[in-house]
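Here's a solo chain for you in structure tokens, the form predicted on its own.
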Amino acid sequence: MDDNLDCPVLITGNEQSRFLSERYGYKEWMISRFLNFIPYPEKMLDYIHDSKNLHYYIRVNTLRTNPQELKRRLGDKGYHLNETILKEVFEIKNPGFGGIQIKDAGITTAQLNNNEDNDNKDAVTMQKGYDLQSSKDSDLGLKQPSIGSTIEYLKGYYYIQDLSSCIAVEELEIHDGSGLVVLDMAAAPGGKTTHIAQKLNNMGAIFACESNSNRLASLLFNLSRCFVQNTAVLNMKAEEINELELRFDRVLLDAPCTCEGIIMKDNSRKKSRNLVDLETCSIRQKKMIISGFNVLKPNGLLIYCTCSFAPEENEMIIQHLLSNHKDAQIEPLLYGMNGLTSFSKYQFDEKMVYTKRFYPHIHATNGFFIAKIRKKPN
């Protein structure tokens, strides 16, 4: 187990990485790394390359309705919904638009680069108005609005959110009516915050941190739309949360990252990221996870997640926490593939297999990482 986790790791390319980077339009340094830790990397690249493989999910907001009623209402509008491993999450097979085009949504590159985490680009894009066109359902012959512009969406009956993001909240072990105090460290645009609120049945308390004031509008809009009543919004850096002298039963850190896992929804990330971006994100993630763990109550749970494949943003961040806090303990997760126990020259804690990774070509989700950390009782 190596405690001196330098980053980022640059792996020397070869003929295969050069061929694949040219074929699929990536920077070669990314491909050479993918070849070293992603299962069936060529299958993933081919899967991501085909837009027909995009999957879209919605989460039922149980503060406003229930899964059966929403499925009936959307079914009447011509949408085809499939059940998933989570009872409140449906995969929607005909979302009513032909893919996500960021330029049409009026979203700038700066907005996407500024803490545009996995929670989730779909919701932000649809909020910006791209989805206000209608499309024709080929099976029913109906004029069908986009899934982001139905009356049910506007009334907060559901949230457009990837299944992997919903699994992260599921692992917080929040039960209906719990009187828990929860910290969401990077909350905007609010997908996970609103999910936590429905898990709490609007009881307990949520503190939603968002350091970027430009993103507060989307967070406040979604909290209002989804009928959330137990949340205080803090416009502050999550790294400074200890200054409030509060302690939390649960902490969710959906960390700002390089977003390699959403390349399928934003092809620009094939070339827009470099090793400096990776290092910048990793440095901040280490500060954030230490801050989050410090304000966690004994026996409390911290969920750390990213939409990145990079070990520097995932396993190496968890290893950094374990090395600095002997009372931090990784716990098993229900879904996903085992986390890495080594990368390049680094060896990680043997329990790193308890962390989980999600891959588009295997799980039909965004690329995603989740770790579940328990703070041992005093």
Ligand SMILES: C[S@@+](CC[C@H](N)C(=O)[O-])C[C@H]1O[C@@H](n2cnc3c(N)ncnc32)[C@H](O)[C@@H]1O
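Residues carry their position along the shown sequence, with the first being 1. The shown structure was predicted, so the numbers you read here are calculated from the model rather than taken from an experiment.
Only in words, not in the display: the form predicted in complex with the named molecule, which the text now covers.
Peer 1: Answer with yes or no whether residue 187 is in contact with the named molecule in the predicted bound form, where contact means some heavy atom within 4.5 Å.
Peer 2: It does: once the named molecule is placed as it appears in the predicted bound form, residue 187 has a heavy atom within 4.5 Å of it.
Peer 1: Can you tell me if residue 239 lies within 4.5 angstroms of the named molecule in the predicted bound form, counting non-hydrogen atoms only?
Peer 2: Yes, residue 239 is a contact residue.
Peer 1: Using the partner position in the predicted bound form, report whether residue 215 sits within 4.5 Å of the named molecule, counting heavy atoms only.
Peer 2: It does: once the named molecule is placed as it appears in the predicted bound form, residue 215 has a heavy atom within 4.5 Å of it.
Peer 1: Is residue 89 near the named molecule? Define near as a heavy atom within 4.5 Å, in the predicted bound form.
Peer 2: Although the named molecule is absent here, residue 89 would stay clear of it in the predicted bound form, with no heavy atoms inside 4.5 Å.
Peer 1: Quick check for you: of 252 to 260, 289 to 297, 67 to 75, 275 to 283, which stretch puts a non-hydrogen atom within 4.5 Å of the named molecule in the predicted bound form?
Peer 2: Correct option: 252 to 260.
Peer 1: What is the one choice in 149, 94, 211, 178 with a heavy atom within 4.5 Å of the named molecule in the predicted bound form?
Peer 2: Comparing distances to the named molecule in the predicted bound form, the residue within 4.5 Å is 211.
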